[in-house]
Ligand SMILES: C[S@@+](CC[C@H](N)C(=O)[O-])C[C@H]1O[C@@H](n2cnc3c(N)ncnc32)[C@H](O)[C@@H]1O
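Before any questions on how it binds or moves, here is one chain, the form predicted on its own, in structure tokens.
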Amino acid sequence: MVVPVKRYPPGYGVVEPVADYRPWDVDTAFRDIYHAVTAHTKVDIYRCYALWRYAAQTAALQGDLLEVGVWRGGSAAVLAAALRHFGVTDKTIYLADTFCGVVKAGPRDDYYKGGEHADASADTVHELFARLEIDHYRLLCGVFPDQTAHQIPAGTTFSFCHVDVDVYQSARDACDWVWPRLTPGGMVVYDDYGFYGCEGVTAAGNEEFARPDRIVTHNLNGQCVLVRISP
């Protein structure tokens, strides 16, 4: 049998870094939580470790955490566990998901049409967090920010936001909502930026490079990382 060769469009292809340092192999606290959540996330170990470190680095800043696109709660649990491991107990993690799959797919999105990744539920997230003894979270069920942002108390600020929504408009809306509420030095991470099939999120991330109040970088895990540098 001849296996067809995958044909990438311009700008896409396999990324093969040549670095050798693998801190996730020796960070036992991270490995413990990652192995506990692997069935609850589609985010690989490299991106999860980046989230672990980003949560730690922003933990001293004022503000809570927000994840938009939770699925079964695995990456959110990594963020919560990072705060606990580094001794932060006064932050709430807001978890926003439709639990009906991808929403707001549009003309900028080549693969997603809407409804994908609907194989999750709020109960699955609650059960995971109960098993891990994580209680400093609030689940927002519905389209964010349209249907659920009002559940976040007025005046709430954020030190970190993880956007994992697969399509342009949902990513754009999430970032635009959280940015005015983001503490200087705080971070927004687009999970889907570097992946074939998520060209809409790539487009949303590329728009960030032209904005003057942030540092934007693309890491080789495929994440687009934004750091707010001015009020």
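Computed from a predicted model, the values in this text were never measured in an experiment. One-based numbering along the sequence shown.
Just so you know, the form predicted together with this ligand exists too; it's not on screen, but the next bit is about it.
Engineer: Name the stretch, out of 182 to 190, 201 to 209, 65 to 73, 22 to 30, where some heavy atom lies within 4.5 Å of this ligand in the predicted bound form.
Structural biologist: Selected stretch: 65 to 73.
Engineer: This ligand isn't shown here, but in the predicted bound form which of His85, His117, His136, Arg108 has a heavy atom within 4.5 Å of it?
Structural biologist: None of the others qualify; the residue that does is His117.
Engineer: So, Lys42 and this ligand: in the predicted bound form, are they within 4.5 Å at any heavy atom pair?
Structural biologist: Yes - in the predicted bound form, heavy atoms of Lys42 and this ligand come within 4.5 Å of each other.
Engineer: When the contact criterion is heavy atoms within 4.5 Å, does Val103 count as touching this ligand in the predicted bound form?
Structural biologist: Yes, Val103 lies within 4.5 Å of this ligand in the predicted bound form.
Engineer: When the contact criterion is heavy atoms within 4.5 Å, does Phe160 count as touching this ligand in the predicted bound form?
Structural biologist: Answer no; every heavy atom of Phe160 is more than 4.5 Å from this ligand in the predicted bound form.
Engineer: With a 4.5 Å heavy atom cut-off, would you call Ile152 a contact of this ligand in the predicted bound form?
Structural biologist: Taking the distances in the predicted bound form, the answer for Ile152 is no, it never comes within 4.5 Å of this ligand.
Engineer: Which residues within 130 to 154 place at least one heavy atom within 4.5 Å of this ligand in the predicted bound form?
Structural biologist: Going through 130 to 154 in order - heavy atoms within 4.5 Å of this ligand in the predicted bound form - the hits are Gly142, Val143, Phe144.
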